[in-house]
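Next up: a single chain in structure tokens, the form predicted on its own.
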Amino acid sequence: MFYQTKLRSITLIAALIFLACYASFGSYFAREIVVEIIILAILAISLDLCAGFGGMVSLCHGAMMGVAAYGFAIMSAKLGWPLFPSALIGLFAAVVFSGLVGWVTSRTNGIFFIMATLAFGQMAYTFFFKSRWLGGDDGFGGISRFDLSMIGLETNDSLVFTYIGLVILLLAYGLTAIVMRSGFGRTLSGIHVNEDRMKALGVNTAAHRAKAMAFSGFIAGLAGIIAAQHTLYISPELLIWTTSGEALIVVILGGLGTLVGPIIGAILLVLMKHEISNYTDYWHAFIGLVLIFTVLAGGRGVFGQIEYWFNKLTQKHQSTTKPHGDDHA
């Protein structure tokens, strides 16, 4: 079950402030890094909803993100629709695709679920890879930025675009947290803990898991819209299974089932990738070692481990300061 604790709230605010300052006082390249973190963090949050709370480890979340990006780009750049309706259609496409995946795979578990989602993701990737109308493996551009001049925002300004991305990241986190605190989210957590008992209580667990996948696709779709807006270009690389694998690494690195952990994991992974690559081409090996150490240290992830220690210290402090009863007769 999800709880928005003080530690999680403080960590979320601190992470957003750090990213805002990094973008504000850094160069154009620093802002590009922050946008990359935002996209990966939103995708990881959507995956954490399924994997961390529903026990559904998916390898098609990159495809969900890519479907939204392609849906948005097709409607706006190919068919000439206005940008906002195009974005809504892109999100709708991601919800339909993820809901379909969830409906088909909801009765499977473990490795079978993982492989089924991988198959769906690769089918979507192959479709866009082979489509010459959509540029095939070359992708296509011609995407325009949202025009927010009516409220005084110039989205072509890299700093303004980064700030908008941070707002969307906060929105994605907030929506996911609200859902996980609702009856729907609690039921999803219950299915993860004991599906047979939830079935005995009359819950249609397959339908519930499919709905969770659909909502997760909506959150992943937000990442896809930002990705398309970021580079004004899309390609099938968005949908490839390694994108989903990277999101899974971020969730594990930050802390599975915490929501704020994926944000921390995205910050760590992207910064490590860019900083270590300045010194060696083998940065993958270093990140692999960090991930192995994280798993062997308890598997809670960076934030998850910090939260574990914090809770232990809090419990210890409460036990030592708890008033004792009167010892006198």
Partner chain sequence: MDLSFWILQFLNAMQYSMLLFLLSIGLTVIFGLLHFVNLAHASLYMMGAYIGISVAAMTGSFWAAFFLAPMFVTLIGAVLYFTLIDRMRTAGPMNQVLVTFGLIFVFLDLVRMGWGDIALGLDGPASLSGTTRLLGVDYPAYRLFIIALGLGVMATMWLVLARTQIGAMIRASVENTNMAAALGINVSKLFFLVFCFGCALAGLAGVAAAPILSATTTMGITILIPTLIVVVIGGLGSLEGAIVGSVIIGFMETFGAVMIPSFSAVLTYALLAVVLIWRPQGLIPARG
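No experiment lies behind these values; they were computed from the predicted model shown. Residue numbers count along the first chain shown, from 1.
Not on display, but discussed next: the form predicted in complex with the partner chain.
_Heavy atom within 4.5 Å of the partner chain in the predicted complex - residue from Leu166, Leu248, Val95, Leu83_ = Looking at the other structure, the residue within range turns out to be Leu248.
*asked:* Please tell me which of Ile143, Ala87, Leu256, Leu134 lies within 4.5 Å of the partner chain in the predicted complex, judged by heavy atoms.
replied: If I apply the 4.5 Å criterion carefully, the residue I get is Leu256.
*Given the partner chain in the predicted complex, answer whether the residues Phe112, Met115 and Leu289 all have a heavy atom inside 4.5 Å of it.*
So, yes: the whole triplet contacts the partner chain.
*Taking heavy atoms and a 4.5 Å cut-off, does Ala172 contact the partner chain in the predicted complex?*
Ala172: no contact with the partner chain in the predicted complex.
*Determine whether any heavy atom of Thr126 comes within 4.5 Å of a heavy atom of the partner chain in the predicted complex, and answer yes or no.*
Yes - in the predicted complex, heavy atoms of Thr126 and the partner chain come within 4.5 Å of each other.
*With a 4.5 Å heavy atom cut-off, would you call Gln122 a contact of the partner chain in the predicted complex?*
Within the cut-off, so yes.
*asked:* Taking the partner chain as it sits in the predicted complex, is Tyr279 in contact with it (heavy atom to heavy atom, 4.5 Å or less)?
replied: Flag for Tyr279 set to no.
*Would you point out which of 72-80, 134-142, 153-161, 102-110 contains residues with a non-hydrogen atom within 4.5 Å of the partner chain in the predicted complex?*
Among the candidates, contact is made by 102-110.
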